[in-house]
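Single chain ahead, written as structure tokens, the form predicted on its own.
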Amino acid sequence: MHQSILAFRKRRYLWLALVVTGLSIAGFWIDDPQEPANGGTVLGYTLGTMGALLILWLAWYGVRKRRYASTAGTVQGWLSAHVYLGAALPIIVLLHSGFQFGYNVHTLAFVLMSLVIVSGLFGVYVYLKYPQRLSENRGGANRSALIDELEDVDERSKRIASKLPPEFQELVSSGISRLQLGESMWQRLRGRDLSQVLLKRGNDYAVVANPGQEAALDWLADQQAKCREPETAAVIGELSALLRNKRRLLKPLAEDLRLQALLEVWLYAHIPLTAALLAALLVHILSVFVYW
């Protein structure tokens, strides 16, 4: 779907946006209000009404996409129109204002509108770019399959560790419980593995950072090198192999979480900015009718 949004129905909404923009520019060019162009002329009011209705319609998309039983066009079509008509909106509003700005609520509404559009365009870029990367990163699988495979590795690690002294069992159980991958949005965006593990060093245990299972694998390698019993060393080797497999699974899982976060994070700006824009638009309209 992410590739067909812009090409929906032979780009019908691109052509609609171009027609609306062209007519607005033509009207501005032809209009002769006998005063500097501004939002208080007949053309200014006409373009302002168009812009306000367009903003309300664009904001309604957030409601429409959640109405699964609606027959008012497809969500795909709405999104295509949302993108193209949203991109045309700044031109309509600039012509409405006559390119006049000041330190007032009217300019604030324009700034908020611009920020909403920029965040929306970033969202389009993200949805065009990252779904394919998500698919490639997963190697044709999905996140559930990666997690299921990871859980299988953890269960097998527990069974292997049960054949070894308690410190090995502690390593495995703490490595599972202290796995920290994508606990917060910021962590997912950075792709950081903040996992920890409990390791026995001397007579004491210590919690150490374990990104990519490196600390656990280093400790197991050291224990295997010190082991004088071939059978026990072989079991430690099996456990090491499982943790290396776990590391292999964690890498694409961390990248999957990072890419998914990039798909979502722009909404944290887009939605609040849209709400602020609607509030500023309401004040803008009321102030026009009260003072103009």
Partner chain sequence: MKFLIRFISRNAAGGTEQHDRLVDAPIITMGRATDRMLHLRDRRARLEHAQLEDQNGKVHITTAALAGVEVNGRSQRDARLVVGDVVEVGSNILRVIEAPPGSDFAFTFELSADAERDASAPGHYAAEAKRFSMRSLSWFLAAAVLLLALVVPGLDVVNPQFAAVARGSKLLPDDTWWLAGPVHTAHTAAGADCQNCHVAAFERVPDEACVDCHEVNRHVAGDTHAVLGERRCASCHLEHNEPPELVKRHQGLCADCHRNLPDDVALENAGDFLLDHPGFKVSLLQPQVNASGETEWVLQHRLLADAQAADRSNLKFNHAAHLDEAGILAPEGRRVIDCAECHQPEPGGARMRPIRMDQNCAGCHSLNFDPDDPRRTVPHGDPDAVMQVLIEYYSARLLGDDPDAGEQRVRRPGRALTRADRDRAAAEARVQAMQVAEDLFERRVCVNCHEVTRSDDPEMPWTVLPVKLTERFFPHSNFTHAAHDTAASACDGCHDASVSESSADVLIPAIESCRDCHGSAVARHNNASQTPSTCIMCHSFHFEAKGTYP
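So that the term is clear: the rigid core is the largest set of C-alpha atoms that superpose within 1.5 Å between two forms. Positions refer to the first chain, counted from 1. This one's a predicted model, so the numbers in the text were calculated from it and none came from an experiment.
Not pictured, yet referred to below: the form predicted in complex with the partner chain.
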Partner contact check in the predicted complex: of 81-89, 216-224, 144-152, 117-125, the stretch with a heavy atom within 4.5 Å of the partner chain is 144-152
Selected contact from I160, L94, V75, L198, since only one has a non-hydrogen atom within 4.5 angstroms of the partner chain in the predicted complex: L198
Heavy atom of each of N38, D204 and I271 within 4.5 Å of the partner chain in the predicted complex: yes
Does at least one non-hydrogen atom of L286 fall within 4.5 angstroms of the partner chain in the predicted complex? yes
Is R178 close enough to touch the partner chain in the predicted complex, meaning at least one heavy atom pair within 4.5 Å? yes
State yes or no: in the predicted complex, is some non-hydrogen atom of A275 no more than 4.5 angstroms from a non-hydrogen atom of the partner chain? yes
Given that the partner chain is not shown alongside this chain, does L23 nevertheless sit within 4.5 Å of it in the predicted complex, heavy atom to heavy atom? no
Would you mind checking 212-234 for residues with a heavy atom within 4.5 Å of the partner chain in the predicted complex? none
Does superposing the core leave W60 with a CA shift of 2 Å or more between the shown form and the other one? no
Aligned on the rigid core, do the two forms place the Cα of S97 2 Å or more apart, comparing between the shown form and the other one? yes
